[in-house]
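Okay, so here's just one chain, in structure tokens, the form predicted alone.
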């Protein structure tokens, strides 16, 4: 499966937010979308998961238009981890993670043995099994976000979208979950599209980068090729140094603290 985006545009109250976006997302690759605040990153994700409808343009999965998929087909094809997951009902952690299996469970049916096995396995791998019976409303922001990531992994869709999914986590859990997601890309040939603010984390984990500015794609391509000082200068309007970091195993961007040197 591939996702193709052609001439995508969208406006809020006649104010353009996205203009003429063309992108291709291919199976077995981890993509990251980067850009300054207000450049259209989250709006683009909203369109790709059909939370919003574009003004112009097309989004297709292989040869099928995204708008022609049923809600159940969408739920079995696309999963999302948002940075703002609000739930006020006191579900247990296990109940929240099990929600990822709902697209595969018939209405009025209960989870089967395979659903339970998948949920138990994912909770163990994501390190949340120790508080499986706690209420989601009792958890810290980082713990809650790990539960939402686990729910998306249980959903086991060919496309996984991450909207600042790791923003409330400490670095150890961020790295652990990124490693899990990256492994899923390789093992199950998934498409992962993640919105990042951290350029260096995006570079270390992504096969491809998409830079956006002013509602348009400013640069897109292989991480090693598109992460350059010129692109960062154009998109973020800052000076930087970009070099391969042997310890990180990837190109990294370095910025001078204002007033130093």
Partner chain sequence: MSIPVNAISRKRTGFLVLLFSFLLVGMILVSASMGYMQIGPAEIVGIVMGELGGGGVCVERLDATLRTIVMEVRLPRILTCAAVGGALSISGVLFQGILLNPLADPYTLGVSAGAAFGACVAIVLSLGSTFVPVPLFAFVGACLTLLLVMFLSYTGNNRTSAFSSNNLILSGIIVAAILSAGISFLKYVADEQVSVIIFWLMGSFASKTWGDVVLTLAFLIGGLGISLFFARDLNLVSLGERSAESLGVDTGRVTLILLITGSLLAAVSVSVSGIIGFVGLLVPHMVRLVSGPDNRKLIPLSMLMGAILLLGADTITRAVLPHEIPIGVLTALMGGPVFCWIFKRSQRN
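As the structure is a prediction and not an experimental result, all values here were calculated from the model. Residue numbers count along the first chain shown, from 1.
One more form of this protein should be noted, the form predicted together with the partner chain, which is absent from this view; the next part is about it.
>> Only one of these stretches, 25 to 33, 41 to 49, 208 to 216, 227 to 235, has heavy atoms within 4.5 Å of the partner chain in the model of the complex; which one is it?
In response: That would be stretch 41 to 49.
>> Each of 131, 173 and 189 within 4.5 Å of the partner chain in the model of the complex, by any heavy atom, yes or no?
In response: So, no: the whole triplet misses the partner chain.
> Is the gap between residue 179 and the partner chain in the model of the complex 4.5 Å or less for some heavy atom pair?
Replying inline: No, residue 179 sits far enough from the partner chain in the model of the complex that none of its heavy atoms falls within 4.5 Å.
>> Against the partner chain in the model of the complex, would residue 151 count as a contact residue? Criterion: heavy atoms within 4.5 Å.
In response: Because a heavy atom of residue 151 falls inside 4.5 Å of the partner chain in the model of the complex, the answer is yes.
> Might residue 78 be said to contact the partner chain in the model of the complex, defining contact as any heavy atom within 4.5 Å?
Replying inline: Close contact exists here: in the model of the complex, residue 78 approaches the partner chain to within 4.5 Å, heavy atoms only.
> Hey, in the model of the complex, is residue 140 touching the partner chain, heavy atoms inside 4.5 Å?
Replying inline: No - in the model of the complex, heavy atoms of residue 140 and the partner chain never come within 4.5 Å of each other.
> Using a 4.5 Å cut-off on heavy atoms, what residues in 209 to 230 are near the partner chain in the model of the complex?
Replying inline: If the 4.5 Å heavy-atom criterion is applied to the partner chain in the model of the complex, 209 to 230 yields nothing.
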